[in-house]
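Same chain, two forms, each on its own as structure tokens: structure 1, then structure 2.
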Structure 1
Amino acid sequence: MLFFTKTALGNLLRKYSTRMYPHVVREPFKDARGELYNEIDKCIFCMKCSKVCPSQCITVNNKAATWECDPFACVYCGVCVENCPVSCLHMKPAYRKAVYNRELIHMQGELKKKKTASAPKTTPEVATAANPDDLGESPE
């Protein structure tokens, strides 16, 4: 009889089990798979990531040197990260924040020149602009 009383009273005295999210956010775990990002200046546009992706969320254009990822289709499995030959893909431990609009992660890189030793390193332009044309309607 009254087996739960001890637990219920204990809960009254313990600290809260919940957090006032999003004002209070727990530190992410070190190895958690959060948001995917590409170090575009290292990327060689080999298209390996788009081929291995089980949800087909990555689009690479090796002529225009663009790399795109649909974060709403990404399943955060990390297979692309492991298969990247130049290790330019990474996953941040923190999750993506909630957003109002569906936006692709669009990155513009620069094609690597073929074997021109001691070529001056150029810093490529990194753009994360939205591309609302391919995205369908926004949640509103």
Structure 2
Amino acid sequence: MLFFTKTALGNLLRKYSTRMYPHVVREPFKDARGELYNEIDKCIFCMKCSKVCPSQCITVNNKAATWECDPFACVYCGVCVENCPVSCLHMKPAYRKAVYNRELIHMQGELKKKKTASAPKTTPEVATAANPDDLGESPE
């Protein structure tokens, strides 16, 4: 009985070995892959991120200009970030906070207007006629 009392009193006087999460949050590790986010203004809705995602947690609708991600299905591998052609996907160094309800990340963007090719330059039409009288000039 005295053996356990010594251990119990020792534990009461020592520093805590665990954290009171979520009140005390630990600093993330260097180069940690945290929460995924999209700079929707830069996104071109090319759907590459949804095609390369191994967990298929990203849904892109390029006609409605929407981008959705299910953070509960994401495995934070970073493949989508590496394959984004315009570098609009990033991973925050901080982890996503615990929540009670399952929420999707839904972003609404705007479709980029395609650059229209400039109208082809028209060359001035040159009047040609076999007979000079047809051009309105009199032959000398």
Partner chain sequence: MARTIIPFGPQHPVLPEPIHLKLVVEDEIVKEALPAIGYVHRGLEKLADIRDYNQMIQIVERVCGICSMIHAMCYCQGLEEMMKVEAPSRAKFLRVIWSELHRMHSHLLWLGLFADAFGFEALFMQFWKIRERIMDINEATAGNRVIVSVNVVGGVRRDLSPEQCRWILKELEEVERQIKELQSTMLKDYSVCKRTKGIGVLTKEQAHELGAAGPLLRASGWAQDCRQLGYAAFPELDFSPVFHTDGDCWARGWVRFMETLQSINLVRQAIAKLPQGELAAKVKGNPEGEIVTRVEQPRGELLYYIKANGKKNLERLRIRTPTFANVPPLLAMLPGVELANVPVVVLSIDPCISCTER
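Each residue is numbered by where it sits in the sequence of structure 1, with counting from 1. None of the values given here were measured: they were computed from a predicted structure. For the two forms, the rigid core is made up of the largest set of C-alpha atoms that agree within 1.5 Å on superposition.
Enquirer: Pick one: is 1 or 2 the form predicted alone?
Expert: Number 2 is right.
Enquirer: In Å, how large is the CA movement of Ala8 between structures 1 and 2 relative to the superposed rigid core?
Expert: That residue's C-alpha is offset by 13.2 Å.
Enquirer: How many Å does the Cα of Tyr21 travel between structures 1 and 2 when the structures are matched on their rigid core?
Expert: Looking at the C-alpha of Tyr21 between structures 1 and 2, the offset is 2.7 Å.
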